[in-house]
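The form predicted on its own is given below as one chain in structure tokens.
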């Protein structure tokens, strides 16, 4: 067996890689997602200047046994590298995952990083003894943070959204809530990027210390190009102070590959503007837009740190149900 790069522009090879990843990621985990063919091609056709991304697979001759990738930030968090290993059930307990993880770790080490981070997910009942956890610990990783995966059935009852929106409204007079589908207006981008960059700092991350990210209006526009190329739509709601200062945001992502699901991405209220129920306001407005634009979607999947009580409370009121734990593991290189 050996580990080789996967060329994202080789359609046949990429198709095998994705089929293998689908078998691994969705096994007993219906809440999980994988990158589509179009998404992977878009990421490599319009690469981020702020990260290094590579795909790898374990082979036995011509047979592909496991898939994985690494992401290395290039402008922030320069001590960290992120890896992911995916082994279908038919190929487990043969050492193929361990071989691939070792290769990915060495590739991250070559970038002079000292922290190797990996995430996974599994059911609550197995959180202390799941095979994925045992695999991580066997390979020298320790759990450093735990998020919870939650699912919201759609559509959300209009009366519930009315009630939550009306209760929040008196608390944020002086702010304007606006929903954006697709391209974010130029005037909003500087403050939107500054707020987005705070997410890793302000959101609970356990024992891992993250620096501010380095998203700029220019790199954000590159992300929008990748979304367009992959058929992905971002539905965002922002809270504005004055004409263009974004002080809160929430993002839902609708992927062409997933016909029934929407994924909740980041939600953050600027630390100087908390206490005005802006988090509830933007999430309620965003769900209304999702209902109207994409009525075929039947669920939203999100994750939050177990200890992020404010966001957990909002999600509970909206009707999100916990379905799994999503731990992060770290190994020092």
Ligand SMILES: CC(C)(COP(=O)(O)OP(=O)(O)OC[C@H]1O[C@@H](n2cnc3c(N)ncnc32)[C@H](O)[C@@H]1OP(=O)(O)O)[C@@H](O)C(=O)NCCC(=O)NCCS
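Residue numbers count along the first chain shown, from 1. What you see is a predicted model, and the numbers here were worked out from it, not measured in a lab.
Not pictured, yet referred to below: the form predicted in complex with this ligand.
Asks: Could you tell me which one of 246, 230, 86, 149 places a heavy atom within 4.5 Å of this ligand in the model of the complex?
Replies: After the contact test, the surviving option is 86.
Asks: Quick check on this chain: which one of 179, 98, 205, 191 has a heavy atom within 4.5 Å of this ligand in the model of the complex?
Replies: By the 4.5 Å criterion, the partner-contacting residue is 98.
Asks: Heavy atoms, 4.5 Å, this ligand in the model of the complex: which of 71-79, 214-222, 87-95, 103-111 makes the cut? Say which one.
Replies: Heavy atoms within 4.5 Å of this ligand in the model of the complex occur in 87-95.
Asks: Tell me whether 25, 120 and 136, taken together, all sit within 4.5 Å of this ligand in the model of the complex, counting heavy atoms only.
Replies: Answer is yes for this spot.
Asks: Can any non-hydrogen atom of residue 131 be found within 4.5 angstroms of this ligand in the model of the complex?
Replies: Looking in the model of the complex, residue contacts with this ligand include residue 131, since a heavy atom lies within 4.5 Å.
Asks: So, in the model of the complex, is residue 29 in contact with this ligand at a 4.5 angstroms heavy atom limit?
Replies: Taking the distances in the model of the complex, the answer for residue 29 is yes, it comes within 4.5 Å of this ligand.
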